[in-house]
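One chain comes next, on its own, written out as structure tokens in the form predicted on its own.
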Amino acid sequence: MKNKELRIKYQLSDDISELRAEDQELMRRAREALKGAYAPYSGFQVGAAVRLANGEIFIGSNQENASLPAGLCAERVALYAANAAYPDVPVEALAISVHNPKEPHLQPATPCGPCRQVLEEAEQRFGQEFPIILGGDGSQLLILPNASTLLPLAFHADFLKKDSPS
């Protein structure tokens, strides 16, 4: 048996001005998307903005439902809208912002498990990694270089392929 170790690298920023101009705009769009969040059950609002390689930006917000599995997270709303409009254009960057009107969420929050899997597949689909910028109600940002930072040892579509008959 061999011991292995996983390490992740990420960046912390204390202010949005430390980001590149196009990433500042992406985070601003994610924060604007919070206005469309429908979160009457959790009170936890999430906004996301996806920039595609062609420069188009799509936003999404979380949409809850009394039948909990029927809701959808902001990052998936944004990614699926982008994929529906431009199915052959890879993601260039993603920004996610969270807000809790009852209690400020000063730290950036990371995506849920299913969203991590969707982000990972978006990278696998086009063979291209993209940064994920996370923010909360405070000024601190967490910048991840790619989806595998969030989901090491992810499940991949290759696992579903069967061996060819001999």
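None of these values were measured; they are calculated from a predicted model. Quick note: we count residues from 1 along the sequence shown, nothing fancier.
There is another form of this protein, the form predicted together with a small molecule, and it is not shown here; the text below is about that form.
**Q** I'd like to know if residue 70 sits close to the small molecule in the predicted bound form, meaning any non-hydrogen atom pair within 4.5 angstroms.
**A** No, residue 70 sits far enough from the small molecule in the predicted bound form that none of its heavy atoms falls within 4.5 Å.
**Q** If you check in the predicted bound form, is residue 132 within 4.5 Å of the small molecule, heavy atoms only?
**A** Although the small molecule is absent here, residue 132 would stay clear of it in the predicted bound form, with no heavy atoms inside 4.5 Å.
**Q** Examine residue 112 and determine whether its closest non-hydrogen atom to the small molecule in the predicted bound form is within 4.5 angstroms.
**A** It does: once the small molecule is placed as it appears in the predicted bound form, residue 112 has a heavy atom within 4.5 Å of it.
**Q** I'd like to know if residue 139 sits close to the small molecule in the predicted bound form, meaning any non-hydrogen atom pair within 4.5 angstroms.
**A** No, residue 139 is distant from the partner.
**Q** Identify which of 46, 27, 59, 122 has a heavy atom within 4.5 Å of the small molecule in the predicted bound form; exactly one of them does.
**A** After the contact test, the surviving option is 46.
**Q** Could you work out which of 54, 107, 42, 128 is the residue within 4.5 angstroms of the small molecule in the predicted bound form, going by heavy atoms?
**A** It is 42 that has a heavy atom within 4.5 Å of the partner.
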